[in-house]
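Okay, so here's just one chain, in C-alpha cells, the form predicted alone.
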Amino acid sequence: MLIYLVRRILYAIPIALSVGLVCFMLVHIAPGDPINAIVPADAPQELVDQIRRDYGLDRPLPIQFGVWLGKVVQGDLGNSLATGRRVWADLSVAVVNTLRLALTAAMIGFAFGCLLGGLAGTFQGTVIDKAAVGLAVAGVSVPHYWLGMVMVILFSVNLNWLPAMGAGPGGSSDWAWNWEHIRHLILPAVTLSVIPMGIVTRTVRGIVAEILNQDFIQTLRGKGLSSRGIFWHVVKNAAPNAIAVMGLQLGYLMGGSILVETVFSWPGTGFLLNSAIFQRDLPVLQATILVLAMFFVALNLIVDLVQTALDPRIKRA
C-alpha cells in the first residue's frame, strides 16, 4: 500500500505542474490589461510603466511563470492588484467558506442520491424506479443559477423563511455553528446539491441493478441468506465505483460553485473568482484557480487510495 501511495503521489507531481502552467497561461492570454483596472484612465504612462515593473508584468512570460511558480512553492501567492492585500489572506477565508458549502451540499446530494439510486436499482421497472430516475434527470437538467433564483423568490421573498444573501447576519462572512448562520447555508447548499444528487442517483441505480442481476446474488438467495446480508454484499460491491463518482462530484462542487455563490452572495472561492474576473486581478485569479485545481488533484488521489482499500483488485490491476 505504501509503494502504491508513493507511486500515485509521483504521478500527481507532473499533473500539478501542468495544471499550474495552464492556470498561468489561461489568465495571461485573456484579453485586457490588468494595469488598466487599477489606474485612472488619465494616468501618465510613466506611472503605468512603474506599476507594471513593480508587479513584474514587464518581463517575458517564461520568466514571469518561473518567478510565480517559485513563490507559489514557498507559499507566497502575491498581492491583489485591486486591493493590495495579501492574496492568501482573502483566499484562505474563501476556501473555508466554499468547503463548508460544498461539503454540506455533498452530504445532502450524496445521501438522497444513494437512497433514490438504491431504491430505483432494487425495484427496477416499478413506479419507484421511474420516479427516482425522473428526479435524477430533472436534477441534472436544471441550471444552478435558475434554481437558485427560484429558491430565493419562493423561500426568501414570498415566504420569508430563509435569508437570500450572505453567510451570516448583516452580511458578515464570519461563521458560527448556530441557527442564524445555518439559515444562510440552507438555500445555497440545497441548490448546489441538486446536480450531484441526480448524477449519484443514476450511477447508484445502474450499479445496484447490475449487481442484483449477477449470478452470485442468486446463489446467495438460493442458500437462504437474509435480505440484510444480501444488502451488505451489494453495498460492498457497489462502494468502489460509487465513491469514485462521489469524489469527482465533490471536486466539481468546489470548482463549479461560482454561479451559486454569486446568486446567494456567498463569500467563497466562486464569489472571489467572479470579482477577480471583472477586476482583471491576475494574482487572485491565478491563486484561486490553482488552489481549486490542486484540490481536485488531491481529491482524485484520495479517491484512488480509498478505492484500493475497499477493493484490492484495483491495486493488482
Partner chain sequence: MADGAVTARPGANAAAEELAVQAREAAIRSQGYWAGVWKRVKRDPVTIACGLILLTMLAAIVFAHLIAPHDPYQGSMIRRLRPIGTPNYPLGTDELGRDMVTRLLFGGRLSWFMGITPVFLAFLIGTTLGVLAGYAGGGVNMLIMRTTDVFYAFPSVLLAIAISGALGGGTINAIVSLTLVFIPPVIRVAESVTTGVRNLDFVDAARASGAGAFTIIRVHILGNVLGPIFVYATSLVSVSMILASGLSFLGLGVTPPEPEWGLMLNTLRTAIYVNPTVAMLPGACIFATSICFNLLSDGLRQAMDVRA
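Since this is a predicted model, take the numbers as computed values, not measurements. Positions refer to the first chain, counted from 1.
Not pictured, yet referred to below: the form predicted in complex with the partner chain.
*Give a yes or no for residue 283: in the predicted bound form, does one of its heavy atoms lie within 4.5 Å of a heavy atom belonging to the partner chain?*
So residue 283 does not count as contacting the partner chain.
*Non-hydrogen atom contact residue 68 with the partner chain in the predicted bound form at 4.5 angstroms*: Heavy-atom contact with the partner chain at 4.5 Å: absent for residue 68.
_Since only the chain is shown here, I'm wondering whether residue 263 would be in contact with the partner chain in the predicted bound form (any heavy atom pair within 4.5 Å)._
Output for residue 263 is yes: heavy atoms within 4.5 Å of the partner chain.
*Taking heavy atoms only, is residue 206 within 4.5 angstroms of the partner chain in the predicted bound form?*
Close contact is absent here: in the predicted bound form, residue 206 is far from the partner chain, nothing within 4.5 Å, heavy atoms only.
*asked:* Can you work out which of 235, 225, 150, 186 has a heavy atom no more than 4.5 Å from the partner chain in the predicted bound form?
replied: Contact check passes for 150.
*Tell me, out of 99, 142, 131, 107, which residue has a non-hydrogen atom within 4.5 angstroms of the partner chain in the predicted bound form.*
Exactly one listed residue reaches within 4.5 Å, namely 142.
_Within 4.5 Å of the partner chain in the predicted bound form, all of 8, 11 and 277 (non-hydrogen atom)_ = Yes, the whole candidate spot contacts the partner chain.
*Among 91 to 99, 76 to 84, 216 to 224, 131 to 139, which stretch has residues with heavy atoms no more than 4.5 Å from the partner chain in the predicted bound form?*
Going through the listed ranges, the match is 131 to 139.
_Using a 4.5 Å cut-off on any heavy atom, which residues of 275 to 308 would contact the partner chain in the predicted bound form?_
Contacting residues: 277, 278, 280, 285, 289, 292, 293, 296, 297, 300, 304, 307.
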